[in-house]
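The chain below stands alone and is given in structure tokens; this is the form predicted alone.
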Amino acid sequence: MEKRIKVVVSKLGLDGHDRGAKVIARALKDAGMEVVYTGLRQTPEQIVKTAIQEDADIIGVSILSGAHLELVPPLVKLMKDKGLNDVGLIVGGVIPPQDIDKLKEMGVDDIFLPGSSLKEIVDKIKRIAYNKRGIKIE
């Protein structure tokens, strides 16, 4: 039996808009992944705790508030502190182009901006899960 990729999808910070995160969660489920949606206003501690409890392969966070450079570093640090080096981290939302490289240097595996296709997101998550955890999905 083939292992399913498990993705924890969260809204990091005080941003209260989650329609996009729910669309992504649905697309990932439709692609055969297991998805745990944590809901709105999550802290880095809550997200990492859920990822550990669920044995997640990928953490996906959605940030529309513009606070990504303030919110992502504590999440990355906590992931490292808890030994989640083999868990992928993706960020989606309104990210200015000049911040993309900064986020990737911090440890974000990929970034999805508005307009990213669902197929692109699914394909890249599969690639990250393979690179980080050796999960091969056709």
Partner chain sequence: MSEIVKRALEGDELVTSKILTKIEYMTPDGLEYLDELSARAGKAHTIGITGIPGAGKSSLISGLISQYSKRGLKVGVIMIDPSSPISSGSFMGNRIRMQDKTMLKNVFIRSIASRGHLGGVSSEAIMLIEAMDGLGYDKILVETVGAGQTDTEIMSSVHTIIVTSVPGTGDEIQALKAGIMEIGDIYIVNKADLPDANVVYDAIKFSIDSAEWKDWIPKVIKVSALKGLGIEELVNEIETHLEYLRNTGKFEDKVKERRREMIELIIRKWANDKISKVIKENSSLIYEKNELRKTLDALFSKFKNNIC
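Residue numbers count along the first chain shown, from 1. Keep in mind the model is a prediction, meaning the values are calculated, not measured.
If you look for the form predicted in complex with its partner chain, you will not find it shown, but the lines that follow are about it.
Contact with its partner chain in the predicted bound form holds for none of 73, 101 and 108, as no heavy atom of theirs lies within 4.5 Å. Proximity of residue 33 to its partner chain in the predicted bound form: non-hydrogen atoms within 4.5 Å are present. Its partner chain in the predicted bound form comes within 4.5 Å of a heavy atom belonging to residue 3. Within this chain, residue 37 lines the site of its partner chain in the predicted bound form, having a heavy atom no more than 4.5 Å away. Interface residue remark: residue 96 is not counted as part of the site for its partner chain in the predicted bound form, having no heavy atom within 4.5 Å. Annotated contact segment (heavy atom within 4.5 Å of its partner chain in the predicted bound form): 39-47, selected among 39-47, 109-117, 88-96, 65-73. Residues of 48-76 placing a heavy atom within 4.5 Å of its partner chain in the predicted bound form, in sequence order: 49, 50, 52, 53, 54, 55.
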